[in-house]
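This text opens with one protein chain seen in two forms, each one given by itself as structure tokens under the names structure 1 and structure 2.
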Structure 1
């Protein structure tokens, strides 16, 4: 017999994460298809006011506690396990984000149930749920099933529409009183993003560089292009990790989300963690030597070429164009 679906509502600094609404939307559909209740749960300090936003679920469980300000993954996993057992849950959906890392595997270990990572799609057919996960940075997709539809699923951000997860309906709210597992993993403080450098979220034109740039010496060339276009440079994670550009220039999951008018991407493969941060840009133009690079799947215009062949000419032509 199939039990309810439970969604762990993610929030950061007083705001519900948009991924929570994605999960609520797909969770609602799943629950309706399987004719089971949809529950959501929110843990935190002063989170009670947020519960009313989770009206897409049938019931919302709330646990408010000063110790739950950025709780460690073990504390959350322990609470979810209790709830899973008390409410006879079958499936748990958790955000595939940095904030929630570790909760899913820990819960899966404690429940002795499987964990599905990188989930981008969920379907029900004849009472069987199948999940599509992305692997190898989005190069391969994998359809998987869970025994008796039971398990823990990590939902990849940007996979489902947000609107389906929003509603004015008042959910039934249940305040939980559960004991907290003792933890020695203590949250100390937030470290704010480094300021001082330019703010790439405010630029109309961004030239983005990836590993295809090959080395730090080539940054000067692309910088010249950014200058010619009156924009700024940003980059994929490997370029930042190599120290070729400061952290404030990183686009993607753990960097910034940008929506410039023009996103000119050079030697970026278009991994999902990168795309997450730039897919809503006005005009996306990509240069990549690999005709199958995923970046072409989300670009408006693509050039399958060596960036070092194109960029110098492009700089010259822009300069000529401007002086005309």
Structure 2
């Protein structure tokens, strides 16, 4: 008999991470299809107030402890193993982020169960769960099935809708009292990174520039287009490496993953590393002089032309439309 699904709620500095709601949404659907309970667990220091936000779960387990302020992966894996065995869990979902890195492999080893990393899709058919895992930065997608649907799964951020994991319902909350494993890794201090000028992951409209922008003097033109559309400017890695835009504006595997309603690509060739960060955008429009540019392979609309012939006209038409 299959057991419950357990989600490790990810949080940072007093806020539930968006990925937690992604996992809750897909976890709820998965639990309903499998006809099993959905549980969440949250570890940390003074985290009890956050439990009420996990209402999509049937129940939430909470463990408050001063030593769980940014705990090591070894400590979390040990706690999850204990909970897995106590609650007869079959499947554990954790976040595929820097906050939760290392937990999945360690928990998999302790439980002697498979670990599926970089999970991008989950579906149930005839009682069997299939997980789509991305390999080599998304160049290969592998469908995986776990024996008896038992194992540990790391969910790739941005793979599932956030709203599906939010609910005003108050879940059943159980306070835990579990022993903590000794560790040589101790959290000392959180160093705040330098703030970016804008969060491109929260924008509905993005105008992206690549090598085709030619030089830094042309940034002003595409920025004017972004302003006219009510969006923000972002870029592929070559533009960032030149210092023409800050790192906070980079889209791609080594930058940010974005899913705007409109992604307007200007002079971006569409290398796999860049595509990985924007391919799930609602509407992709590409302008490039190269008819064989890979970006046209994923765009909904494409224009094979010089961006400097198109962008001024676009700006004029948008401004004219707004003034009417």
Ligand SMILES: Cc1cc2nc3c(=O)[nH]c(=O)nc-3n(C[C@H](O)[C@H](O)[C@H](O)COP(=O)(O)OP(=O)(O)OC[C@H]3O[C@@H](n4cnc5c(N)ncnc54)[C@H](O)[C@@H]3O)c2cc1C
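All figures in this text were calculated on a predicted structure; none of them were measured in a lab. Positions refer to the first chain, counted from 1. In this text, rigid core is short for the largest set of C-alphas that superpose within 1.5 Å between two forms.
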The form predicted in complex with the named molecule? Structure 1
Once the core is aligned, please say if the CA of residue 171 is shifted by at least 2 angstroms between structure 1 and structure 2.
-> no
Superposing on the rigid core, is the CA of residue 224 displaced by 2 Å or more between structure 1 and structure 2?
-> yes
Examine residue 288 after superposing the rigid core and state whether its CA is displaced by 2 Å or more between structure 1 and structure 2.
-> yes
After aligning on the rigid core, report the distance the C-alpha of residue 241 travels between structure 1 and structure 2, in angstrom.
-> 9.6
In Å, how large is the CA movement of residue 252 between structure 1 and structure 2 relative to the superposed rigid core?
-> 6.2
